[in-house]
Structure formats: C-alpha cells, structure tokens
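Okay, here we've got a single chain as structure tokens, the form predicted on its own, with questions on binding and movement later.
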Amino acid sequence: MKLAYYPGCSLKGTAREYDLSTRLVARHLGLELVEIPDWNCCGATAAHSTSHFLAVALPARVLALAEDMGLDILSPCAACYQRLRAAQEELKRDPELKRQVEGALGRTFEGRVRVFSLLEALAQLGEEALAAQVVRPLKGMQVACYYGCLLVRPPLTSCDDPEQPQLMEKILAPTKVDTLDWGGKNECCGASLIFGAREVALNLIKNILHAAAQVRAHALVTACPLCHANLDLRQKEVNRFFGTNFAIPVFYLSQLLGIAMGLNLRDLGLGSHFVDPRRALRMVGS
C-alpha cells in the first residue's frame, strides 16, 4: 500500500516523535509513505475561525498536490485530517466555492483523493498483518484509548463511530495490551483553548485524566498531537492548579505499536515524554 504522506506543521515541530514513530512503524508494516512535495499548512484551528475561504483553500491545495501524485493521503495529525476531510465535503457540495478555490489554485480540483487517518490506514492493513509484526506482546499494560474530538466529530468527517469509536482498540488487539472501557475516550481536551481560556482547558484535561485514573489506566494512547501536548505537557500544570497527583504517561498509537513490534525505543521518540513512561514500559519488559 502506497500513500501520499502529509505530516502537517505539528509533526515537523512539537510532535516530531509522532512523525518518527509513524514513518518507522509504517515502513515495518510495508506501508510506503511518500511525503507530498511543497505541502502547506492546512489552516488547522485558526483559519476556519478567521476566513472560511482560507480554511478550504489551504487544505484544497494539499489535496490537489496529492492528486498530481495519483495517491490517496495519510494524515496522522487529527486536526489536519479533519480539515482535509471538511474541505473535501465543502468543495463537493458548493460549486461556487469550488470555482473560487480553483481560481486561487490556478487549476481544476478533481476531488479524487481519499484521506486516511492513521487509524484508518492501519486498520486497512488488517489484524493479521499487524499481528505478524508483534514480537513483544504488551500483556500486563492497561491503556485508555483516547480519540478526542477531531477524529470523530463532526459525524460528516468522522473516521469512526462518534459516540463509541473502536478502531484504536482493534488496531491494538494484536499487541495483547489491555484496552480499558472508559468514559473519557471522545471528550474534548480543550485543544487550543489552552492559549486563550487556560482555566477552561485545564479543567477539561483534568476531567480526562481523572476518568483514566478511575479505571486504573497505566497509560493513555492518542493519535492527535494537540491532545498529546495537552495531556502530557500540561499534566504537571493540572496537578499544580487542582492539587491532584496525576502521573499518567501518554503514548502515540504509533509508539505503542512500535514497542510491541520490538522497534528501538529511541527511534520511536520515547525520550521526549513530559510524564515519565518508564514505569509503564517496565510492566511489559521494555
């Protein structure tokens, strides 16, 4: 399987470990990723709150570049995935907007490209292919799969059931990790509210950590750079603000899969966590 790879801004900056682990795991699973040349920012959370046209035109250019490659797209970042999918839907149902975007791009927009989230791309490979690569089963580790908002909402662009998503649990099943049933999997972490309404975001993060702690999760697993930053980087601040003592490591889905596949921990970016993951890793002998 060969896909056009769209890392987006986060995976080239604050979520570099997500980029590293995604590329590494994909290579070992026989998933060929070809980075889209001259890609641009998708607009993420800022563009659609300031310019509807830019919120569509920016991801439309990325989609058009992938069309030129003749490949479908893998977008590991949940925010990028949502913006690419939303732009596709808007261009499909609004001919006038499509005409304006084509004018800005200086080309026609065919809309032939399919956009995969990391969850969809891995699920597409099938349980058998994933199981064949597992050499270090994660028996004994209990994890809470966290989807957040952007992968499952709104329903029009959702990669899974918005209320009861299960793709992450299915992908992790061959690793033998214990995926917990919990109530916080699709709650919002506050996303970029952390910059403008800090107390609101900290409260949302605290609620998610509390829900994970209640089911005795040894770790959280996510496929979103913004969710990872809020839950990992802000955990210390949450503890200071609310007088709590959370210490729950947060893994990217690609990192946890890579651990089960016996890949080098440093190559998976395991050294960049703010909450120390070593205790959770010791449970599975890593």
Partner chain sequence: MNENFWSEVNRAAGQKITHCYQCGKCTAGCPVAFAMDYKPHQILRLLQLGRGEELLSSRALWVCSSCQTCTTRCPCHIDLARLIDALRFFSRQAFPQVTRHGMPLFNEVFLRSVKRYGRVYELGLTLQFNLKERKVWRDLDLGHFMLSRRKIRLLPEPVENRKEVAQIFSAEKEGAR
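Positions refer to the first chain, counted from 1. In this text, all values refer to a predicted model and were calculated from it rather than measured experimentally.
One more form of this protein, predicted together with the partner chain, exists but is not displayed; see below.
Within 4.5 Å of the partner chain in the model of the complex, a heavy atom is found for all three of T14, D38 and A57. Partner proximity in the model of the complex, defined as non-hydrogen atoms within 4.5 angstroms of the partner chain, places exactly one of 172 to 180, 139 to 147, 190 to 198, 122 to 130 at the interface: 190 to 198. Under a 4.5 angstroms non-hydrogen atom cutoff, the partner chain in the model of the complex lacks D72 among its neighbouring residues. Contact between E110 and the partner chain in the model of the complex is not found at the 4.5 Å heavy atom cutoff. Although the partner is absent here, E32 lies well away from the partner chain in the model of the complex, with no heavy atom inside 4.5 Å.
Taking the partner from the other structure, the partner chain in the model of the complex has no heavy atom within 4.5 Å of any heavy atom of H28. Within 4.5 angstroms of the partner chain in the model of the complex, the stretch 139 to 177 places a non-hydrogen atom from each of C149, L150, R153, P154, P155, P162, E163, taken in sequence order.
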